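One chain is shown next in structure tokens, namely the form predicted on its own.
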Amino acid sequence: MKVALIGCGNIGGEIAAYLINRKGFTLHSITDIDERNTKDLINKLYLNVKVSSIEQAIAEADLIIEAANKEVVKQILSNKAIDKKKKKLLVMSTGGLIENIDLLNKIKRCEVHVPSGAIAGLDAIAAVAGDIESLTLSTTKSPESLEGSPFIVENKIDLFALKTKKTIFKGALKEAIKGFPKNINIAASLFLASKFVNLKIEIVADPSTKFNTHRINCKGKFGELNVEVINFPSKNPKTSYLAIQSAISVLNNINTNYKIGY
């Protein structure tokens, strides 16, 4: 399978390292808005790949992996070459799917894969989607993980002045995606699984934690579902290690003839 990787940062680098050692995949091209990132990745992994534009990547690859940002997701979904039979698209910046749901709904032939990211239980949430009456996601992270988010900057919140954990945001999904675009992809994935429009998001800053903690509470006619995931950040404090592993899990299963929880 000919693969195009769009985004060569922390997540993209880990995915590239996985791909070069896996049978069935050929890393054909890489793309990044910053030329230094593509050069660094080529040198680090001794890659023999093409550096291409997004348009070239989509046209030439069988599998397109987005590991960049939600703005790039829009570019990909807008490109007519993506919606072809046997093409596959793996999206890491799932907030971009929510913001461009109209474009996503037009995709009929391309397989779109959404990893579970830093949470668990999406298969169960999807299974009870029609019976959900309330759904809440509470995310707790360190100040370093939340630093620089638009909501933090606009509201002039001094995260490093906090002595104890504090809820800094409560609101709806679209507000969370706008305010925390690099921290809230899991909420977008939760919405895509549940289709629950009244999803509530809570973001907590905790100066004493080294972990990213995500708690899902889902209630409905089926009963109640509670999921808690506590994991370490990756090399980038804004990204959980589990998010990278979930993408690799999708790749492991993308061509298998049996699926578990997919």
Ligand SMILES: NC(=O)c1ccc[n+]([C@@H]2O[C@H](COP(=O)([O-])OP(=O)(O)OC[C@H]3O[C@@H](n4cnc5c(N)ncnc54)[C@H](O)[C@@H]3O)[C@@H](O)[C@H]2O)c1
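Everything numeric in this text was worked out from a predicted model, so none of it was measured. Heads up: residue numbers just count along the shown sequence, starting at 1.
Here the subject shifts to the form predicted together with the ligand, a form of this protein not shown in this document.
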- [ ] Would you please decide whether residue 173 lies within 4.5 angstroms of the ligand in the predicted complex, comparing each non-hydrogen atom pair?
- [x] no
TODO: Examine residue 54 and determine whether its closest non-hydrogen atom to the ligand in the predicted complex is within 4.5 angstroms.
DONE: yes
TODO: Tell me, yes or no, whether residue 120 is in contact with the ligand in the predicted complex, where a contact means a heavy atom of each within 4.5 Å.
DONE: no
Open item on the list: Test of understanding: in the predicted complex, would residue 206 fall inside 4.5 Å of the ligand by heavy atoms?
Closed with: no
Open item on the list: Since the partner isn't included here, can you check whether the ligand sits close to all of 139, 201 and 227 in the predicted complex (heavy atom within 4.5 Å for each)?
Closed with: no
Task: Proximity to the ligand in the predicted complex, single hit among 64, 216, 27, 68 (heavy atom within 4.5 Å) - done: 68
Task: Which of 101-109, 149-157, 69-77, 123-131 sits within 4.5 Å of the ligand in the predicted complex, heavy atom basis - done: 69-77
Task: Stretch 1-26: residues contacting the ligand in the predicted complex, 4.5 Å heavy atom cut-off - done: 6, 7, 8, 9, 10, 11, 12
